[in-house]
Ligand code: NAD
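Here's a solo chain for you in structure tokens, the form predicted alone.
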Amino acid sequence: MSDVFNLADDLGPLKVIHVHEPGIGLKGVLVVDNVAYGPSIGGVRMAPDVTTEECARLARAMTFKNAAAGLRHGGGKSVLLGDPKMPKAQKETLIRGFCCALQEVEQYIFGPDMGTDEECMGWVKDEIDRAVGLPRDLGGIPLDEIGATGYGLSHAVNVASEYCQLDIDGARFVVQGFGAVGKHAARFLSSAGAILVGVSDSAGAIQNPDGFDIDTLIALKADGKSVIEYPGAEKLDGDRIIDIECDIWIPAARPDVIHEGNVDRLNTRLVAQGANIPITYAAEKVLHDRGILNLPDFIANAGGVICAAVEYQGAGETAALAAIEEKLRRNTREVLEASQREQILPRDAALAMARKRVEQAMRYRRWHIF
């Protein structure tokens, strides 16, 4: 627990709950970071190497993401230890057991994240009726199906392109992590004329200076295959995705993939963080010093949680997409204007904006509780 205590500050976390049920092999953690704005929304992440510290960092990112987006929700996150590709029946047992163990924590609303999807949220709704990102059959707005996060990311990139003299039409981009976020970001950017020249998943990376057909890549993933099976593409080790020259580089996988040890290998003009905490702060400083525009995660990838909040209020897909476009474009512009005006990192500008909003909300809470 010391790692979480070291991360604690005047904003949170409010609660850290460990769940362990040996009978079904369940190990998980919930971090409710801050609920000054309302009950927290945050995804359930499943991976074999998730940690309490990672969960706490992600929960804080959700606090800032929700505040920056102007949502009536605080930040939280939960993680489950396990392989998301485990047999479906086993996965269902773990997720149902996890949410039942957390049934009384009404300050947390479950959502999908890496390793979980709308079907998983359907199981949560069945057990405790407190989930977003539900299947369409249950009246939800399926985040992965419509590509809410990727849709928002494309709008953030569009606004940011004005600040680095970049024309999206014809721009060459790379996606590190062709999953729920990466594939839709690629789809929306491609429809605007951008060219995907490099892509990776857990099995490796491929590059093609002439570009890839997005529909073919999506079909490969839908069949349970890897992007490296794309016909005729040049295969690379997964880490080599960092070295591909491009105009836009999108990390859409795990935390801390770019750090001080590899950041100098990036050869791009714009980084748009599709994943949560994919770049260390030290590496972001290097990017800033090199003149590479870097959109922080909780600004650029907020489309999913905006969609989830709209769903939780009972509105539909049209309202969700409109809210994503309006909020992502406004917040991206506000952060980049502040960054230029004050000569600070975009992340520092974004943190100042989000922290101010959270602190203002905390003043109205009894005992100034998180």
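Note that residue numbering follows the sequence shown and begins at 1. What we label the rigid core is the largest C-alpha set whose atoms superpose within 1.5 Å from one form to the other. Since the structure is predicted, the reported quantities are computational estimates derived from the model, not experimental observations.
A second form of this protein, the form predicted together with this ligand, is not displayed here; the remarks below concern that form.
- Of the stretches 68 to 76, 212 to 220, 163 to 171, 177 to 185, only 177 to 185 has residues with a heavy atom within 4.5 Å of this ligand in the predicted complex.
- A residue is said to contact a partner when one of its heavy atoms sits within 4.5 Å of a partner heavy atom; Ser202 meets this definition for this ligand in the predicted complex.
- Put simply, Cys246 is far from this ligand in the predicted complex: not one heavy atom of it is within 4.5 Å.
- None of the heavy atoms of Ser154 is located within 4.5 Å of this ligand in the predicted complex.
- In the predicted complex, at least one heavy atom of Asp144 sits within 4.5 Å of this ligand.
- Shown here without its partner, the chain carries Ala253, Asn276 and Gly304, all of which come within 4.5 Å of this ligand in the predicted complex through at least one heavy atom.
- After superposing the rigid core, the C-alpha of Ala308 moves by less than 2 Å between the shown form and the other one.
- Core-superposed comparison between the shown form and the other one: the CA of Arg265 stays below a 2 Å shift.
- In this overlay on the rigid core, Leu58 has a C-alpha that sits 2 Å or more away from its partner position between the shown form and the other one.
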